[in-house]
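In structure tokens, the next block holds one chain alone, the form predicted alone.
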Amino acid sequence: MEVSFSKEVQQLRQGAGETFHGEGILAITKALLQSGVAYVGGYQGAPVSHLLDVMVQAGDTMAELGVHVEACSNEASAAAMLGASIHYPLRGAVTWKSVVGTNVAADALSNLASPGVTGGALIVVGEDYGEGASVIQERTHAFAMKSSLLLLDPRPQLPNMVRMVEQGFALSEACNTPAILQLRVRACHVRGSFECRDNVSPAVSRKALMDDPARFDYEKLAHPPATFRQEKLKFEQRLPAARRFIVEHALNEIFPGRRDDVGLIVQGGLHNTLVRALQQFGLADAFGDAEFPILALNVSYPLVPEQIRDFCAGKRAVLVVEEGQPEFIEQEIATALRRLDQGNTGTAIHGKDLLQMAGEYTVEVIAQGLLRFLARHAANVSVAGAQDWLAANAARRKNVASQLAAPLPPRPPQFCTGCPERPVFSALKLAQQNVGPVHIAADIGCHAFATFEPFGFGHTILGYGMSLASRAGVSPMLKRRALAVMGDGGFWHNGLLTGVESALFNDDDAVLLIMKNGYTSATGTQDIISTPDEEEKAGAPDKRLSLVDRNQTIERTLAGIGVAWLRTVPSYEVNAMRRTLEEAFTTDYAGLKVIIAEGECQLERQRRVKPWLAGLLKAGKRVVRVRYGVDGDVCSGDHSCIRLSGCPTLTLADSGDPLKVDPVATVIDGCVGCGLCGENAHAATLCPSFYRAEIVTNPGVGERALDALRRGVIGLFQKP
């Protein structure tokens, strides 16, 4: 895992009378246990990856409660787990990142939503939306609407978030419908506290097994003709039951204002941002009490038409604050009011006409929309404070920009220092000098950083593990073979079936490059089926793990399904990788060619090596560290080495020589001794300026004597 949650895991044991302090996603985890969840699954990925990581690390606590925890190979397998709740009174929760994960799980979700559930089913989705997102800008709301799933969007306050988890299970059971709990990035990381309740051991669990399976009931199968009846049940029974529960248990919150001529309807997850914007107008205090009434939709689907009607009654205008497009909530509100014959009452409904159409709703964005709304419907409200605040922000940005001598240069994201994937792309850059440019189908993962400079590799990114499949349409149209790049995480997630199997079935002539670093590194270095075991890691703390010899799960799988042209090359051997790539592009073999670039994730290696070295140093034992450098007297200032690798520790320095106008290359602190710079210099026949040095701490007597002798000899030659 990327982070140890040993402290947080202990908080999961807290009971009634104790107070939980921590982040939102950890509070959600505790709420699941307080709700009597029987099984938990999911696929890792920010912002909700902590949920699954904590559950895995809290194995002892889960075993005591009888909760089954499963790290799934992808989101589809996680969603399919919820099938346990169709027949049985089992509360289940699964989690994944954002709408892209929901895309993968869509088939299972549709087939789950049709028959409905007996036990409560909760899908915790990290709504990764806005400028901080690493995925496409879409919303989960559309999936809830199309499949008639409940959609919870809790106000980002820990007690409310915990309440919505507990009530979410109850709501799911009350209307036999799975529920999605969407959490924005800020909700996942908001900090606070809440009063705990005791964890609930589920009535049916790994500790309390069922004697017999449920009686066969065809009506609970997502299969025609049962599906025709299930569709009617959705809209005639389940959604009405959900709306009754929402009202009876006050899941949506109404915050009364001191004036009620206008009102605000907001998604629960945006409530804090809206209040902060109102504060800039002097229309709300630090505790969230506002001048105008606010309806916070902790449940954004389904809406309760009567609740909307009652909130809008007597108001001249209502502003709907809804992030993202299309404006599902705004349209549903307008439709509901028209159907309830409230469209002629004079209540004006505003939303995207006054707020920006798409993009993240920050405090500034909402404040700008409020300015327009108040100008139309509350002209007597002073907006001078908000205007001054917005103007000051704009002036501050302009002032910062004016103080710069020139615009800041772009600083694209990069691989970690020593990443085993960087040398592979250096080799690809060299290979293309000989074979010519190739079409490169990129993928999701750390290797996607190669789409940035100095590499600029990648024509498409179509989904996790989809690179090989995405080149299928274009590769037959090209004179030169296309290349697909994917990681081992993407290979197990989707690439094996959608890419490799399809390419073999169709006898495709293509090249697949798999980055075998041993983990799903981009999501936090979680383990996968091809991760080296702990015994292998402990056996060589200071070495690069040879995944070639120790874990050949990927190789055996590929050979087993018929891949005949298969090469495994150590990632850091640039010359060998270049030759292998050139062979793959030029060989007479016309089938699928797979190159596996083997090199352990440098982050994981450093997490293992640094404590080991610290222990040796503390004990006064001999420690050798490898560092690489550039001889400034030899360096010509060509900088080909930098353009070929992009390593953040390989940068520029003043030559100190008035005859050398260009700066020379230099290696700064932070070098982890991966050797890429030297490998590139050798593979590309660049220059002899690179050197390899060994820094010895706590050397032996013999080494000290040899060092003294060397210094003496060097000193003789240095004397004038």
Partner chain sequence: MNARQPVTLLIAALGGEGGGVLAEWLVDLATRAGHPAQATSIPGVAQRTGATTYYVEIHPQSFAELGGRTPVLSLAPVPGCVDLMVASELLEAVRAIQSGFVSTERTRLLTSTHRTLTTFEKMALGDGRFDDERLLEVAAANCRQLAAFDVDATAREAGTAPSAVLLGAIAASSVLPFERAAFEAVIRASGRGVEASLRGFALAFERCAAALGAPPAPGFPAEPDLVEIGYARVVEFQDAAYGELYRQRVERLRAAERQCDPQGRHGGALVREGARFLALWMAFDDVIRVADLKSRAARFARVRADAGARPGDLLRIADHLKPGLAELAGLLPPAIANHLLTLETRRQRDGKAPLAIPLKLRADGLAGFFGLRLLAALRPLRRLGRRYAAEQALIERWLATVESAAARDWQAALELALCARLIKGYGATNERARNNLRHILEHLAAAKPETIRAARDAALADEGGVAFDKALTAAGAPPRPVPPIPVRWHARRSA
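Since we're looking at a predicted model, the values are computed, not measured. Numbering follows the first chain given and starts at 1. If you superpose the two forms and keep the largest set of C-alpha atoms that fall within 1.5 Å, you have the rigid core.
Absent from the display: the form predicted in complex with the partner chain. The rest refers to it.
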| item | value |
| --- | --- |
| Stretch in contact, per heavy atom within 4.5 angstroms of the partner chain in the model of the complex, of 347-355, 71-79, 483-491, 409-417 | 409-417 |
| In the model of the complex, residue 59 touching the partner chain (heavy atom, 4.5 Å) | no |
| In the model of the complex, residue 401 touching the partner chain (heavy atom, 4.5 Å) | yes |
| Contact test in the model of the complex: residue 393 vs the partner chain, heavy atoms, 4.5 Å | yes |
| Partner proximity in the model of the complex: residue 647 to the partner chain, non-hydrogen atom cutoff 4.5 Å | yes |
| Heavy atom within 4.5 Å of the partner chain in the model of the complex - the one residue of 475, 85, 298, 199 that qualifies | 475 |
| Partner-contacting position among 276, 238, 220, 439 - heavy atom within 4.5 Å of the partner chain in the model of the complex | 276 |
| Stretch 14-43 - residues with a heavy atom within 4.5 Å of the partner chain in the model of the complex | 21 |
| Core superposition between the shown form and the other one, C-alpha change of residue 236 at least 2 Å | no |
| Core-aligned C-alpha movement of residue 51 between the shown form and the other one, 2 Å or more | no |
| Rigid core superposed: residue 410 CA moves 2 Å or more between the shown form and the other one | yes |
